[in-house]
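Each of two forms of one protein chain follows alone as structure tokens, named structure 1 and structure 2.
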Structure 1
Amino acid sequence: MAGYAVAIAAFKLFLLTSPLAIVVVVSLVVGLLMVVLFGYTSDQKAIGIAKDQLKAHLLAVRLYRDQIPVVMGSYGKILRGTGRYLKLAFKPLLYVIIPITLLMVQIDRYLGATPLPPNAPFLLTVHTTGSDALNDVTLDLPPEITMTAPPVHVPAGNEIVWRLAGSKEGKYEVKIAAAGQSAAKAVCVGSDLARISTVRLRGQFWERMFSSAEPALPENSPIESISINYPDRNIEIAGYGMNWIWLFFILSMVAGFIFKELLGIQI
């Protein structure tokens, strides 16, 4: 029994900490939910008819292959049928696209990038409203983060870039001051799964919703954004690394096609 409990615990730990396991589980669940949601929000009968018509025209091309007018006519009907089918799929897509987009944004915060490795240099970039503000920008670092090179000013891009390194695993805040105002940016150093925000933004509500996991910078601050170049995370499968989104794409599709058959839902 003890061995069994240990195995279960190890499996749970694997699920919690392995990006691959997370992607697999999320893909299966999302595949199922999306199929169900698609089923409820779509006109199943109309979609079934539209798909059947498409299949019929495909078969017509085969059945009447010696009759070019029939073949070309069927091809035109296939194009029109495809348009009709996409139109029918659009409404359920509207319902599906919102939760899935929000979910993927959240997952991407965990799986899109890896934390900064200890002692490895990384770049902190501050973007200001104008080049004049660059001279006023100062950086305040916690003891675990050190500057490994002097800052580089890029007046043409209103940017100032620091090369830093974290000496110890953990979550820290670096403080940037400009024009009498101070703003913090989270820095994550380590190797475990963590919620990472690559950029902190001022305003830009929609972009902030999709790209940043931190509160907005003050509206009157001369700082427009603070970003860190976290390394991209690659998930290894059979020696081939890929972004989690591609794996999710494939697995959720496969899961969706399986569940649609099991549930008898037309997609």
Structure 2
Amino acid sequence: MAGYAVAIAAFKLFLLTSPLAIVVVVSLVVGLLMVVLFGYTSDQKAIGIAKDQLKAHLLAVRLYRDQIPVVMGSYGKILRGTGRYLKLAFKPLLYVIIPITLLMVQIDRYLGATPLPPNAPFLLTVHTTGSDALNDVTLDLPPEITMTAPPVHVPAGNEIVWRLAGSKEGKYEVKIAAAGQSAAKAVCVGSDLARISTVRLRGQFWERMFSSAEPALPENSPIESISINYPDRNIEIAGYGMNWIWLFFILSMVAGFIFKELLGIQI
């Protein structure tokens, strides 16, 4: 029994720490939820009729391909039937796509990038509202993070770039001050799976929703964004590196089609 408990605990730990395992499990669950949600929110009978009519019109094109008037009429019916099918499927697809998109945004916080390796240089970029504010920007670092080169000012882009390095694993805050105001940016060093925000933004609600996991910078701040060049995460499949979103898309679609057949749901 003790060995069984250890095996179960090891398996749970693998699921929680392996990006590949997380993507596979989430893809299977999402594939099932997509199909079930589509089935409950759609008119299954009407969709079935629309699909049968499309099949009949396509068959007519093949059977009567030598009769031009019949073929042209069938093509017109195919176009109308496709429009009718898309109308029936549009609302259920919204119910499916919106929550899945929000879920993918949250998962990407963990799987989209890897934390910074200890003692490896990385870039921190601050974008200001104007070139005049560049000379007022200062950087305050925790003891675990050091500057490895002087800052580079880019007046044309209203940017300052620092090259930094973290000495040991952990999550830290660097503080940037400008024009009497300060802002902090989280820096994640070393952990295998951690919630990472590559950028902190001022305003830009929709961009923040998809690309930032940190609160917005103050509206009156001279700092428009603070970003870190975290390494992208690739999941290895048979020797090939793949972004987790592509793998999730493929696996969830395959799982969805399998569950569709098992549950008898029209899509």
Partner chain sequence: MKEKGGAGNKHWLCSPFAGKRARASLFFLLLAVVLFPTLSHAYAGPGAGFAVLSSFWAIFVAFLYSFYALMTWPFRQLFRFLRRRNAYGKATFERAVILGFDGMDPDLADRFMNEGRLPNLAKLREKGTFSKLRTTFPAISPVAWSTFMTGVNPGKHNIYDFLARDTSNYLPFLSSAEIKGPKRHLKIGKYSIPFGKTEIKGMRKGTPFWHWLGNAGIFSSVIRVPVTFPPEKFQGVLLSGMCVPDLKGSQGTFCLCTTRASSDKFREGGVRVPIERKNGVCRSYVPGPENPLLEKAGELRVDFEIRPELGSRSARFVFGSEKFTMKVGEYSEWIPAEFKAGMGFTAHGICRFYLKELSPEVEVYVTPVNIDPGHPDLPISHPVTYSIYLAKLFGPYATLGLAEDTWALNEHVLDDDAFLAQAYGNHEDRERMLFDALDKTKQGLCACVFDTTDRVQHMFWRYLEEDHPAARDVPHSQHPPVIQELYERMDRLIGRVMGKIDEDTLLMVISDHGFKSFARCMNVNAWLHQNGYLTLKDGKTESGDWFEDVDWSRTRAYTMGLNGLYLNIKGREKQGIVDPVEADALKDELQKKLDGLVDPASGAVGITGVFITDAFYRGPYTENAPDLLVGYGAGYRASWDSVMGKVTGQVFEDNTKAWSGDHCIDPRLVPGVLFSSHKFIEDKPAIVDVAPTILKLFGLALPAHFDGKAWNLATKASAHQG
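Numbering for residues begins at 1 and runs along the sequence of structure 1. It should be emphasised that the depicted structure is a prediction, and the values quoted were computed from it without experimental measurement. Between two forms, the rigid core is the largest collection of C-alphas that superpose within 1.5 Å.
Legend entry - Structure that is the form predicted on its own (1 or 2): Comparing the pair, one sees that structure 2 is the form predicted on its own and the remaining one is not.
Inset, instruction - Look at H57 and decide if its Cα position differs by 2 Å or more between structure 1 and structure 2 after superposing on the rigid core. - result: For H57, whose C-alpha is compared between structure 1 and structure 2 after core superposition, the shift is 2 Å or more.
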